[in-house]
Every structure is written in C-alpha cells, then in structure tokens.
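Presented as structure tokens, the chain that follows is alone, the form predicted on its own.
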Amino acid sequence: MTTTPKTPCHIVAGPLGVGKTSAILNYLRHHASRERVGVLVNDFGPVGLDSTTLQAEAPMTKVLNVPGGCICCTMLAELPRCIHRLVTEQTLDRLIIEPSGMASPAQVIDLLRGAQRELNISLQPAIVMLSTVDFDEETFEQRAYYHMFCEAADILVFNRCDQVSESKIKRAQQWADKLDPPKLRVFTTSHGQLPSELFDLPVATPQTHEPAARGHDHHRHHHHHDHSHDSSVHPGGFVLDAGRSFDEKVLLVNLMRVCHQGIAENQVLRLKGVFHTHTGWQSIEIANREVSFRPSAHRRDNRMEWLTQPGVVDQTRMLMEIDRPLDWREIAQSLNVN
C-alpha cells in the first residue's frame, strides 16, 4: 500500500500590515515555477483583497480565501475543510497559511497540530513577522496583542528594517533572544524577503525545542478570546467593476488624507486596495501612516478594504471620500502651507 507523502504546512502570522502577504509573494516568485504551492489566506476585510493579490501575482498557485478577519473565531471551523479542499484538488509540494493580523496564531497551530493525520499535512515551524518600526520593549512586553504573536512563534522575523536605525535593529534582536519560549531563529529583513531556509528548518521536537512546544501547549487552555479583540475596530470594503477608472493623483491624495485625518471622527487604522487608474492598475496600502504605491497586475475588478475605529464607515461614504475632487486650499492648510 502506497502512502501519500504529507504536505508541509507553514503558518506565516503577524500583526496587520507587517508584510505577511509580501513575504508569501516573495516566496512564490522564487519557487512557484518549480513547486506546487497552495496558499490559504484569512483576509481581515470582507472582499478578499490579499487572496486576489496573490492569485494575480502568482497565477499558477492555488489560492483559497477564508474571509472575515479572524480565522480563530467564526471561521475556525472552516479551516480543516479549506485545507482538505486545497490538498485534495491537486497534489501540493507545500501549503502556506496566512491568518489575519486579528487572529490568534496559537489557536490555528493547536487545531492543525491535532488534525495533521486527518488532513495529511506536516506542520512546520510557525513563522511570525513583526515590524521593527513598531518595536518598543515596553509596548511589546505589556500588550497582550504582541504576546499572542511572540509566544506562538517558532521563527521570529523583524521586517521593515530598512526604515529604522541599526541600533534599533540590534535592540529588537537582543530583546527577542531573551524570549521564553526561545526561538529556533530570529531573523531581520526588509520588504518581506525571507530566505528559503526558513521554510526548510526541521520541525521542533520536545527534545530540541521544548520551551516552544510548551508555549503552544499553554494556549490550548486559553481559547476563550485570549487574543483580546477590540470590539471598536470595524472592517469595511467594496468591489467595483473594472470599467470604473480612477484618477491616480486624486486617489492617492485622498487616500493619504483620510488615513491622516480620518472620516467623520473615525480613525482609519489600515487601508489597502487595487485600483484601475488612468495610468494602469495600481496597488495601494497604507498602514501606520506609511504609504505603499506600486503597479499591479491586471485585475478583474477594483477592490479596497479598511479598518476604522471607533465607528463603522460604509462603502458609500468611503468611495465618496477617496474619489472627491481635490481641494488644493484644504490640502495646503492641512500641510500648513501659505
């Protein structure tokens, strides 16, 4: 009797906007031509933007989306079914799962560890990405949000190192080296560029990596929303026909404005989208008031999703804000320009 080899399964987790999708895209660009890779994405918003981005950039890759923002809550029951669908529709060399930055990776890890035999997968060391820009020892140690990620990590990656000083990178590394449970690897990078070796590290065992195994076991006793969702954070999104075209300058200025000024007393925490503009398709992402704006592959529609706090911003209001004519006097005043 021939036994089907188990599919290596990788979790790439981290806070919203840390660069998880960029890291997976980077891996696919280097490996998808010779590996059959399946990707399961848990988008934070309702329109499945990350999954469509991955599919457009790597069309030979099988991408499946679990929408809704939190794979460890309402969508947790869907995870095994989605994985089963991916691994049975075609033989995969590797499976990568990207939980939303709102999800607890420990609960995803626990679920998959218990379902490895049933799903015929082999759970690999969990990769957790953090932003070096956001690093602060006191914040990372005191906020449960960061504890959630650090404790679940087997491999800890500090991304966006190009935006900080060498001294801050060193501080982050020194802090990570003292974490309990200790990590298999602490890695620093920029633009989500992860070396292939991180996907090929041996699976930790209790003998070789006992503290990390205990760290995951710890979470088995804390499934009652131990990741502390903030009920004042609200997702939103829209999908528009590809025939709708935006003025690139108007779009970018308005997006930057709403992310800095908010909308109707609501702060825009995160925003990302793909738009058909007069100069072609563009991918836009704004997080922590940092703007990423780059050409995109052709898409079948315009998509955008966002997170706001403390109230809800509906798609009609958001669309009105990002597509309104530019008021240069207002812009000059906001920049304190006479």
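When you see a residue number, it is the position in the sequence shown, counting from 1. Keep in mind the model is a prediction, meaning the values are calculated, not measured.
Missing here is the form predicted in complex with a small molecule; even so, the following discussion is about that form.
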TODO: Taking 4.5 Å between heavy atoms as the contact cutoff, choose which of 191, 117, 170, 260 touches the small molecule in the model of the complex.
DONE: 191
TODO: State yes or no: in the model of the complex, is some non-hydrogen atom of residue 162 no more than 4.5 angstroms from a non-hydrogen atom of the small molecule?
DONE: yes
Task: 4.5 angstroms heavy atom contact with the small molecule in the model of the complex for residue 315 - done: no
TODO: Give a yes/no on whether residue 16 approaches the small molecule to within 4.5 Å in the model of the complex, heavy atoms considered.
DONE: yes
- [ ] With heavy atoms only and a cut-off of 4.5 Å, decide whether residue 98 touches the small molecule in the model of the complex.
- [x] yes
Task: Option from 88-96, 153-161, 264-272, 250-258 whose residues, in the model of the complex, bring a heavy atom within 4.5 Å of the small molecule - done: 153-161
